[in-house]
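Next up: just one chain, as structure tokens, the form predicted on its own.
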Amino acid sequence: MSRVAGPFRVSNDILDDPAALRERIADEGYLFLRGLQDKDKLRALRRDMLEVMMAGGWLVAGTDPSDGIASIEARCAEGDVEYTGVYHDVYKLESFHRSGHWDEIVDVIAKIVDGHVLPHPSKIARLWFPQYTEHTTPIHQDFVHFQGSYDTYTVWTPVGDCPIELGPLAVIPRSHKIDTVMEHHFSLGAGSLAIHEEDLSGEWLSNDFEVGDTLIFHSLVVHQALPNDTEDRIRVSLDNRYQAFGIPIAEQMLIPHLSNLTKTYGWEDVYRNWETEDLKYYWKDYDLDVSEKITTWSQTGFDEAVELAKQGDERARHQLERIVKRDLDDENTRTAVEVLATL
């Protein structure tokens, strides 16, 4: 990527001015807020999440889980079957889901949308290994994955300090003003879709994050993760979506994240050992405008991977191999099997 041109603009000075918050995010596409979320709650959540990763073999045995010292031989990424199993164990944590409803987040989103807030049921964590930079989340717009309405907002929160070398997000301010979805192409990394950098204009912004710092941005803002260039630290973050009631929400945001990569994983698996009931199926209390998932972008990415694999592209071949390992009964899996058999 191009060099990061500077840090985010800090918006804490207007936190108590809803009109100013709305004006700024409408203009720049993002809000960066220092210390918005409670540090102690995030540190407790970090321990919960990393203890599960330790049990799953992702961390060096005998180390403090909260340090997040990765077992490099276990490295994997979204899309790998090795990732999905441990990820879904993390996903079962009640504390993880409850963090998506913390007042400090919902209150800011309510100011932005000027109304009642719907936190998306499909909460998302990003768990990124070091020494695996080819799988860094590529340049994209969130709408291609989460859909529903353009007026959906991502809240990205590192669960612990996240200096530049650990790989926070970078955004191009005002890139949402194109008011449309750009062309996305096959890529490795979360979502498997990327915008080509030569199609972009504008400067990248990012900076170090301290625990509690929060980045909020519009679904059309062009962004990416910076690579995790540390020697041995896993980067842990929350990557949740929020919207006002009364606008469409896509059907895939009502199921557990990455449940589409397994044959059997649903909300009953998530909720099985929870101690409270209030967040279970909370969205079913509302009359939501649910839209069908648009598969155009993901199918285009798959078709490009097929053609690139035929041409000898190792990244595309790797993508087809990981699709086959999921062992799902769908047309793309069958196509991937057939193509790999000819290579």
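Residue numbers run from 1 along the displayed sequence. Everything numeric in this text was worked out from a predicted model, so none of it was measured.
Another form, the form predicted together with a small molecule, is not on view; read the next lines as being about it.
**Message:** Check T154 for me: does it contact the small molecule in the predicted complex (non-hydrogen atoms, 4.5 angstroms)?
**Reply:** Yes, T154 lies within 4.5 Å of the small molecule in the predicted complex.
**Message:** With a cut-off of 4.5 Å between heavy atoms, is S99 one of the residues that contacts the small molecule in the predicted complex?
**Reply:** It does not: once the small molecule is placed as it appears in the predicted complex, S99 has no heavy atom within 4.5 Å of it.
**Request:** Classify D213 as contacting or not contacting the small molecule in the predicted complex by the rule of any non-hydrogen atom within 4.5 angstroms, answering yes or no.
**Result:** Answer no; every heavy atom of D213 is more than 4.5 Å from the small molecule in the predicted complex.
**Message:** Taking the small molecule as it sits in the predicted complex, is Q243 near enough to touch it, meaning that at least one heavy atom pair lies within 4.5 angstroms?
**Reply:** No, Q243 stays farther than 4.5 Å from the small molecule in the predicted complex.
**Asked** Among the candidate residues S175, S122, T137, Q147, which is the single one with a non-hydrogen atom no more than 4.5 Å from the small molecule in the predicted complex?
**Response** In short, T137.
**Request:** Please pick, from H257, R126, K111, R233, the one residue with any non-hydrogen atom lying within 4.5 angstroms of the small molecule in the predicted complex.
**Result:** It is R126.
**Item:** Stretch in contact in the predicted complex with the small molecule, which is absent here, among 114-122, 83-91, 154-162, 268-276 (heavy atoms within 4.5 Å)
**Value:** Of the stretches listed, the one contacting the partner is 154-162.
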